[in-house]
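This document starts with one chain, in the form predicted on its own, laid out as structure tokens.
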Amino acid sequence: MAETIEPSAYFFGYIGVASAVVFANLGSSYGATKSGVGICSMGVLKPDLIMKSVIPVVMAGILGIYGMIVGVILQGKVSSITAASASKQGYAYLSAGLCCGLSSLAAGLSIGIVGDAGVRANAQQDRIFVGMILILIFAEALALYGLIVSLILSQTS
């Protein structure tokens, strides 16, 4: 007689998939939008700095890629949940998705605020650029930490 798998295991697993993608894209879109507003404001006075100031938008866009990577990995894992540890796997995939998604959301908020203020400040003082890039790197690292932990959690069997 075949063992049945609790439907809640699939539910929690797929909520993890959705969480990774949705929250990472929220962070990505906020970071890109907020930084883009700063670039547009700065570009009116110093149009020659626009291309140099696109870095925060690119860094914010990477956050969405993190969510997509975790979402695709988790989707493959959720479809192969085994009956022996179904609940454990479902919860692990939920936590993996939330870990990546919420870390990317936090990073996106940080990148958006720093990117907006940084590109505006860079238009007034060139020496601020390196400091802005360092702050953006540390903000992006938050999402990278979430991605790494998500990948580790997704290996639960």
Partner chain sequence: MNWGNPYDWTELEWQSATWGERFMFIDPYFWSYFGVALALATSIIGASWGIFITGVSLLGSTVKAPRIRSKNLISVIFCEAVAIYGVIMGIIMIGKVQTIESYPDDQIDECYTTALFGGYSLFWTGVSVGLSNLICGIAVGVTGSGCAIADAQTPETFVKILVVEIFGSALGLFGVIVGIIQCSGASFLKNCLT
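The model shown is predicted, which means the values in this text are computed figures rather than measured ones. Positions refer to the first chain, counted from 1.
Not on display, but discussed next: the form predicted together with its partner chain.
Only one segment in the set 65-73, 93-101, 50-58, 37-45 has any non-hydrogen atom within 4.5 angstroms of its partner chain in the predicted bound form, and it is 93-101. Contact here is defined as any heavy atom lying within 4.5 Å of its partner chain in the predicted bound form, and by that definition each of A106, A121 and V149 is a contact residue. Taking non-hydrogen atoms only, Y14 never approaches its partner chain to within 4.5 angstroms in the predicted bound form. By the criterion of a heavy atom within 4.5 Å, A139 is counted among the residues contacting its partner chain in the predicted bound form. Contact check for Y145: a heavy atom falls within 4.5 Å of its partner chain in the predicted bound form. A residue is said to contact a partner when one of its heavy atoms sits within 4.5 Å of a partner heavy atom; A18 fails this definition for its partner chain in the predicted bound form, lying far away.
Shown here without its partner chain, the chain has I113, V114, A117, G118, A121, Q124, Q125, R127, I128, V130, G131, M132 in 113-133 lying with a heavy atom within 4.5 Å of that partner in the predicted bound form.
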